[in-house]
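So this first bit is one chain, no partners, the form predicted alone, shown in structure tokens.
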């Protein structure tokens, strides 16, 4: 390969995304018939998801494993298995939110696609026109779209809903989000008290808000939600269950035909009525929970994720292209979970 590495890919790994084995071979990769053959003798193993317990036995001792590890939900048996084989596991979710690491930030690249796809799915379930249409037969009112959470996914959802012609409002607990929402042409809605002004971590994530703030925010948004056609919820807090933003009472206040897309369903959901990979009908209101939205855009999600991995690779390889984890680089140290038979990341140490 151009960077000096030899690459082996499992057969048909890219088929769903439209990337055939022949394309990888033309780029210089070798094709293995199964997962065991793919990782045999590997110094670095790239995966999309972290390994299941049964997969660890196939990994070479002392190899580096780089994947979306879901670090806060890791099975202790998986961690023990990685340490038993002295695997250096690195979690793409722990990529620091710093300028230098932006090209490696898989959470952002996948969240961007998720926000777009959430609105597309919501518009399809809604079953009515999104933009205002004036015809000889009458006027079609534009869809009212409310996006809850204005991180990467939320901002893309806002932009997509606006492009489709919806009237968009949004909310977030982080003060910085207000200007970002307005820049996309949406109206910002939030309880802007002292707690709100300090509701963002140094890493740019939302903090867990107090019960008192959540109650005030719920009161503000309850009447607003009742008037909406499509609501997209995106609120996640690393290492914790997703906060409840939409109660059962709020759902029942919405008009029949309205849609809720719960992007946080895999972490418990922002709405207690959502279910993973199901569309639940609550009095005519459709509550949709999609646990893996990037998979609904397989070609783009694969392309962006591969670029994230490629951007990270130089940080864990030496000039001769060999594996090198003897570094104090802040990006690498933040992402390391296990190394040399020990769990080295304090964020997952029990």
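Residue numbers count along the first chain shown, from 1. Because the structure is a prediction, the values reported are computed rather than measured.
Although not depicted, the form predicted in complex with another copy of the chain is the subject of the following passage.
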Review point. Looking in the predicted bound form, any heavy atom of residue 174 within 4.5 Å of another copy of the chain?
Key: no
Practice item. Please run the contact check for residue 92 against another copy of the chain in the predicted bound form: heavy atoms, 4.5 angstroms, yes or no? Key: no
Check your understanding: Looking at the partner-bound form in the predicted bound form, is residue 304 within 4.5 Å of another copy of the chain by any heavy atom?
Key -> yes
Review point. With the cut-off set at 4.5 Å between non-hydrogen atoms, does residue 246 touch another copy of the chain in the predicted bound form?
Key: no
Exercise for review: Select, from the options 184-192, 270-278, 158-166, 220-228, the stretch whose residues sit within 4.5 angstroms of another copy of the chain in the predicted bound form by heavy atom distance.
Suggested key: 158-166
Point to revise | Heavy atom within 4.5 Å of another copy of the chain in the predicted bound form - residue from 79, 254, 123, 236 | key: 123
Revision key, fill the gap. Contact with another copy of the chain in the predicted bound form, heavy atom within 4.5 Å, among 215, 140, 73, 241 goes to 140
